[in-house]
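Below you will find one chain, with nothing else, as structure tokens; this is the form predicted alone, and questions on how it binds or moves follow later.
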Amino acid sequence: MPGSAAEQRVRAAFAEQAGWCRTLGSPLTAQLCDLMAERPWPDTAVADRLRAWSGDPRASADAVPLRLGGGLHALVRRHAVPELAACYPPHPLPAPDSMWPPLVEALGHADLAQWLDGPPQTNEVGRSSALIAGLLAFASRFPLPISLMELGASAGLNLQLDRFRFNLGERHIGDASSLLQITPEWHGAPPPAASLEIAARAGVDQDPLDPALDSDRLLAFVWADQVQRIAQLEAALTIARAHPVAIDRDNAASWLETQLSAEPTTGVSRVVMHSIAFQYFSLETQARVEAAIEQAGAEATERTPLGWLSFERDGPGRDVYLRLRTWPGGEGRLLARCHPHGASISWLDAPAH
């Protein structure tokens, strides 16, 4: 398809995102991205911005396809584009030729352009099943109340994880009466049997969201045909509104340096966690986060231990890895290989190399 170099980069980003969406079980979003990659764009303000995109449109950078997909989903949820809504669940996925005309019409909607202004913001609570398994591994080594600190916390939903219910292989964890029941596909031995007490919880994000005010934005960025993820998020938002946690607006490194410089409370563990967030930090921020944790770890004791729990990709592949480091000692463990949304977890619990 002819076009400027910028347009070609954006089209390539849509094609790449279509592949990821297809792999991760969202045929609707994959088809939308295919159409944006292949068809001639209409003359609209949104299309003009896409043609002139000056940054890196790929998912690992500006995530332009996900920005547009979130905006389209938001319009559908608001009943603002009825013809396109007829292509979304609960309706069956139409053929590409049938979806393209209502998509073209939606691309001209006055409210769509604002969704290109900032990056997608998600708070994938499915990842909490891996995170709580990691906390159980930490608690089995240090059976103390935990002060939990999350980097890139978004709306702080995963800081509520002890208020969810999990079925992790043979292990049942959390509040049996919780609105949110999460059962990932589990492979391998169950996580350690340990008592888990969250004594304090805090988080940081460069642009934190409020579960009471920003729920529509969070829901819009979940792929519309993944109804289980939407239901999980709606339940988590309800829980978070009942148990508010303030998320600080700050750089992750600056915030963590302040948090870890405070005198630790004897008899309380501190755990720093993050999920699909570290890759979006600048190299300087990553280095400062690591240095702050290493420095605090060097001063940790059996009565003031420290943990670093990460749910992050190691490279370009689909899988995400759950890793844990603990101090005193700085021991590293590769705990699990996971689906990016937490839908499946293969428990490994081996020393990290």
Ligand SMILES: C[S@@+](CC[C@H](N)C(=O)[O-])C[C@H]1O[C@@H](n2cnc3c(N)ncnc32)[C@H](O)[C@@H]1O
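Numbers follow the displayed sequence, beginning with 1. All of these numbers come straight from a predicted model, not from anything done at the bench.
Beyond the structure shown, there is the form predicted in complex with this ligand, which is absent from this document and is the topic of what follows.
Contact between G152 and this ligand in the predicted complex at 4.5 Å, heavy atoms?
So G152 counts as contacting this ligand.
I'd like to check something about D97: if you look in the predicted complex, is any of its heavy atoms closer than or equal to 4.5 Å to a heavy atom of this ligand?
Contact check for D97: no, nothing within 4.5 Å of this ligand in the predicted complex.
May I ask you to check whether T285 falls inside a 4.5 Å heavy atom distance of this ligand in the predicted complex?
T285: yes, in contact with this ligand in the predicted complex.
Though only this chain appears here, would N158 touch this ligand in the predicted complex if you measure heavy atom gaps against 4.5 Å?
The answer is yes: N158 has a heavy atom within 4.5 Å of this ligand.
Work out which of the listed stretches, 103-111, 277-285, 75-83, 236-244, brings a heavy atom within 4.5 angstroms of this ligand in the predicted complex.
In short, 277-285.
Have a look at N251, T265, Q259, Q181 for me and say which one sits with a heavy atom within 4.5 Å of this ligand in the predicted complex.
Exactly one listed residue reaches within 4.5 Å, namely N251.
Contact residue in the predicted complex, from D117, D216, D207, E197 (heavy atom within 4.5 Å of this ligand):
Of the candidates D117, D216, D207, E197, D207 is the one lying within 4.5 Å of this ligand in the predicted complex.
Residues in 116-142 with any heavy atom within 4.5 Å of this ligand in the predicted complex
Residues within 4.5 Å: T122, N123, E124, R127.
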